[in-house]
Structure formats: structure tokens, C-alpha cells
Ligand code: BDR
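For reference, the chain that follows is the form predicted alone, supplied as C-alpha cells.
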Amino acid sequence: MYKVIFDTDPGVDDAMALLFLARHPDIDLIGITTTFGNASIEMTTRNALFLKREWNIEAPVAKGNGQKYLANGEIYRYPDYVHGDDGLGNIGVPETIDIPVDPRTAHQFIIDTVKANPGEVTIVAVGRMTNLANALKDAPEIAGMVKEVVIMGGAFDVPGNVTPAAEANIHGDALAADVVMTAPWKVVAIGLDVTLKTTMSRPALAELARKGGPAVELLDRISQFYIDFYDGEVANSMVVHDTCACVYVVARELFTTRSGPIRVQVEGVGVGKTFHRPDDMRFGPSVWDDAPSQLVCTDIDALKAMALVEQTLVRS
């Protein structure tokens, strides 16, 4: 059984990932921490509470900081053209959800939970890496206590999706991402190289909703706006970004990986660009020499991965 903290910014594809985690029999979802990105921190937290209520998820929800790592007072523009004005596909999420959030901040929740379960917690992070960087800043010792950090983020051998250089989650808080990639814990980065190969069609999702009852019917409603956004890029389908990170936790044999240090460009025109130096690539002395070796996913068996997603979503 995998004990998982889900660090998320719901977000349509986050919703599918959350339902996957909640329904997979080998995953014990022990916490949901919210970050900003697909929408403001207030909205992503409300959306996490809404999905927790609608899907009867027991895991507590802890609210993250609405600012980038080491930033102060910045104003952000959120991609409502991707996820809708309410962050969940314009389905009309209530303004308030009568469920309390955990009294701790998201990063303190991570610290406390990891320390209470040393060597057992996998963090699946599918938004900006702000909460993880804040946790490392306040309690760097947790790096040696986390089982694994699996992130959806980066674009290693393909272009980005918010700039030619950068993928959205990494671009949104590049400094936090660099802190996470260079910390002495095990990171697995699942970026656009992999996620763009995994899609869910509108008819397939409708069939899952027919089989999966109210929970998947809600997911189907949430996803329609997102599918419309992808029109012209994939035919009548949505790209399944965040769920790929969840699939890796339970079916890593479906992924091809390479090992080596990862760094993130933190300023300039290429801010958010992810660089991976394979372990067998030799250079002269440089700032890469002391960086920990991490895993980057370079390929996926998309058919088997999506079959697992479909099978899991319709579990009761």
C-alpha cells in the first residue's frame, strides 16, 4: 500500500488524478495539499474541498500559500481559458463548501505527515512546487524521510506548453522547482515528453461515466470545457497530464526513464526550462557535479496506462 500526499491545484486534470488516487486499491490517500496555478489558492482549495465532499474522500485538505517561493505580493494571471472561471470546467462549483480545512498550512502538513510516517510517504505533486520548497526550507531533514516525490512537470526533450522553453507547473514557480529537483530526496519527473502521449476521448469518458456512476458522471461534466480547449490539438479528447504521475506510483513498469541531475532555469527568457544531464554524460567541473541524480520519464506505454486509468476510475 502506497501512502500518498497529493499536492494539487484543481484544475480539471487534477480532478481525474484525485479520483484515480481515491479509487486505486493500492493507494492510501492520506492528505491533499493545495497550491495555486490553475486558479487562485482560494479557488483551488475550495475545489479540493468540493471534490472531497462529492467523492466521499476521507483525506484532509490543507491550504497552501498563494505566493511563489520567496515571492511577496505578486499578482498572477490564472488560465481560466483552460480550466474555466471556477477552475473545474464552469460546472458551477458553490462559492463555499461546508467542510473545514486542516488548521495547518500545506507545507506544515507535509512536514508533520512525513515525520509521522518516516520512509513511507510518497508525495505526488501536480502543480507548482511551492509547498514542497517551503517544506524543505522549514524542515530540510524531511528530504531523508520521504519515500519518493513524483511530479507532473517539465519538458525535457520537447517544447514547453506556456513558452517554447517551459511547462506550466515548472514555469509557474521556477525557483521552487529547482529547489525540489536539487534536494537530496528521490524525484521522478513526468513531463510533457510523456503526458502528451496520453489522451482520454470524449466518448470514452462518457462510457466511463455510464459505468462508474455519479463520481465519474461528475468528472465527465468537469472535463467538457477542458476537452473543448484541446480542440485542434487532439481530436475530441483531453490530454491526461496529472494522472500520469499517479499511474507511475502503482505501475512504473509502464514508463521508460533515464537518470541524472535536473536543474531549472530560474530567470530570463527561458525561465522554467528543465535541463537533465544523463548520468553517463561527462563534462568538466561544473555546478552540476554535486546535484543529486533524479529520474526523468521519457516514454510511456500509453495504451496500458490509459487502460489502468479507465479500470480504476470505474471502481466503486
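Residue positions are given as counts along the sequence shown, with the first one as 1. In this text, all values refer to a predicted model and were calculated from it rather than measured experimentally.
What follows is about the form predicted in complex with the ligand, which we do not show.
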Listed residue that, although the ligand is not shown, lies within 4.5 Å of it in the predicted bound form (heavy atoms), from 146, 136, 216, 192: 192
The one option of 274, 38, 47, 33 with any heavy atom within 4.5 Å of the ligand in the predicted bound form is 38
Residue-level contact is defined here as any heavy atom of the residue lying within 4.5 Å of the ligand in the predicted bound form; does residue 181 satisfy this criterion? no
Is residue 169 close to the ligand in the predicted bound form, meaning a heavy atom pair under 4.5 Å apart or at it? yes
Residue 110, heavy atom within 4.5 angstroms of the ligand in the predicted bound form: no
Close approach of residue 242 to the ligand in the predicted bound form, 4.5 Å, heavy atom: yes
Which of 172 to 180, 95 to 103, 204 to 212, 159 to 167 lies within 4.5 Å of the ligand in the predicted bound form, heavy atoms considered? The stretch 159 to 167
Taking the ligand in the predicted bound form, which residues of 271 to 299 have any heavy atom within 4.5 Å of it? none
